[in-house]
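Shown below, as structure tokens, is a lone chain in the form predicted alone; questions about how it binds or moves come after it.
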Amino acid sequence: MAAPNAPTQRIDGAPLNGPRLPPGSRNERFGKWLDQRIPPAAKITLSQRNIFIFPTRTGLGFALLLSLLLLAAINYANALVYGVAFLLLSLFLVTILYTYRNLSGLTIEVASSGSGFVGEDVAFEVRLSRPKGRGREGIQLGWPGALKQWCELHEREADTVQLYVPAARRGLFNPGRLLIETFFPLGLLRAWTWVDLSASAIVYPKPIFGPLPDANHGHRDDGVLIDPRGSDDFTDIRAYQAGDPVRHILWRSYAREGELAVKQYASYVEPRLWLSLDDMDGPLESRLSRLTGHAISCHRAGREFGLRLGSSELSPDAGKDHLERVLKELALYGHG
């Protein structure tokens, strides 16, 4: 089973299996700088090294107002205007400390990651914990292109936030860097960071449902299913019904007892179904999607089924664990 070239990761929040960034692009340079500044890790504690802070539009307007007040105070030599200007300036400086402190000391890690199908949202549980002391509030986090969630850490020192990220392609899905930001307390400044928690999830092919392929016919020692279409295998004797073939009538029994009886024939169907990529036609993604739909249908019907993907093979089985193994094989096929 040949594996294509390994996909490259985008550091602007796009999936690992997304399109390749053009060499020398702004996002690529910024991503390399971020990888040096904030290296990927399973658990990251925020500090002055990985927290960025800058005034918001409201903060820039506030700074412009301060400048105008200082100019007016200097021009008119007005002590009251001086007092108001310096009071607002001190408020702005204190806000810088509070906004930075709202993120500083937070520890972020991925608690668990789910799985999903192409076109669905994949769930990630992100755990945030703070040091002892005052709580944290007004923290917003989320991956680009997905809904953001709010987190408040008052009475509890840790909390888990569930985030959902849309998955566009099958395979191993890496949502990229997670954005964590806060505008606390006055909205004059924004403190934020981009962290790579090495999160990953499995994205299964989008299922396409259709009729299941015909099962193989034959005898089995550990159990059989009878094919009502019939064959040359004798199974039972039953009373004659109108329309039964004349050649199946037991004439000796009729001569002895005076009642018509017929022989019943049937064939045996292998209850275990094999799903094979070679039996499908069309583009690869379409074939994998139809195999995904067949696997889900077999699981819902309680049937045993196996999977053949090129040189790899999963023996027939049933149950949720077997379905997950099959879906994982289908998701990672061709990705190494």
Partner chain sequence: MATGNIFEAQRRAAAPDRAPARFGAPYQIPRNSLALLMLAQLAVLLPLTPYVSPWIIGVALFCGFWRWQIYRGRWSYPARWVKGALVLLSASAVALSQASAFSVETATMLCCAAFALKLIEMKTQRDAYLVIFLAYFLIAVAFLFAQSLGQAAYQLLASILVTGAMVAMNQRHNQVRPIASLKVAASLLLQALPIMIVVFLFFPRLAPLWSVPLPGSAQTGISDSVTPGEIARLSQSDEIAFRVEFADRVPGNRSLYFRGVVFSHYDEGTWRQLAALPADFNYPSTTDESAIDYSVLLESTQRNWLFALDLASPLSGPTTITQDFRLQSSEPVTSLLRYDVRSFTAARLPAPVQSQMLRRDLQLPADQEMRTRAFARQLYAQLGEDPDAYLDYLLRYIREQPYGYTLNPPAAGTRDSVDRFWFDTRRGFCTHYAGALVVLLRAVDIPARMVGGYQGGEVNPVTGHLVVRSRDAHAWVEALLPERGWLRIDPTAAVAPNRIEQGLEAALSDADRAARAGFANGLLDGMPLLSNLAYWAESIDHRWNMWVVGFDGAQQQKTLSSWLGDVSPTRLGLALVIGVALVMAAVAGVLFWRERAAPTSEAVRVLLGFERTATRFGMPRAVSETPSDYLKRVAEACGLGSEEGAGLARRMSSALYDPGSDEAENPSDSLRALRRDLLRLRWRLAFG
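Numbering follows the first chain given and starts at 1. Whichever C-alpha set is largest while still superposing within 1.5 Å between the two forms counts as the rigid core. Source: prediction; values computed, not measured.
The protein also exists as the form predicted together with its partner chain; that form is not presented, and the subsequent description refers to it.
- For the three marked residues, 84, 138 and 160, a heavy atom of each sits within 4.5 Å of its partner chain in the predicted bound form.
- Proximity to its partner chain in the predicted bound form, defined as a heavy atom within 4.5 Å, holds among 41, 277, 53, 296 only for 296.
- Scanning 248, 101, 127, 238 against its partner chain in the predicted bound form with a 4.5 Å heavy atom cut-off leaves one residue, 101.
- Among heavy atoms of residue 256, none comes within 4.5 Å of its partner chain in the predicted bound form.
- Residue contact with its partner chain in the predicted bound form: residue 273 places no heavy atom within 4.5 Å of it.
- Proximity of residue 49 to its partner chain in the predicted bound form: non-hydrogen atoms within 4.5 Å are absent; the residue sits far from the partner.
- Heavy atoms of residue 310 never reach within 4.5 Å of its partner chain in the predicted bound form, leaving it off the interface.
- Contact annotation: its partner chain lies within 4.5 Å of heavy atoms from the stretch 64-72 in the predicted bound form, the single such stretch among 278-286, 302-310, 31-39, 64-72.
- Along 174-210, a non-hydrogen atom within 4.5 Å of its partner chain in the predicted bound form is carried by 183, 184, 185, 186, 187, 188, 204, in order along the sequence.
- In a rigid-core overlay of the protein, residue 38 has its C-alpha displaced by under 2 Å between the shown form and the other one.
- With the core held fixed, the Cα of residue 68 is displaced between the shown form and the other one by 2 Å or more.
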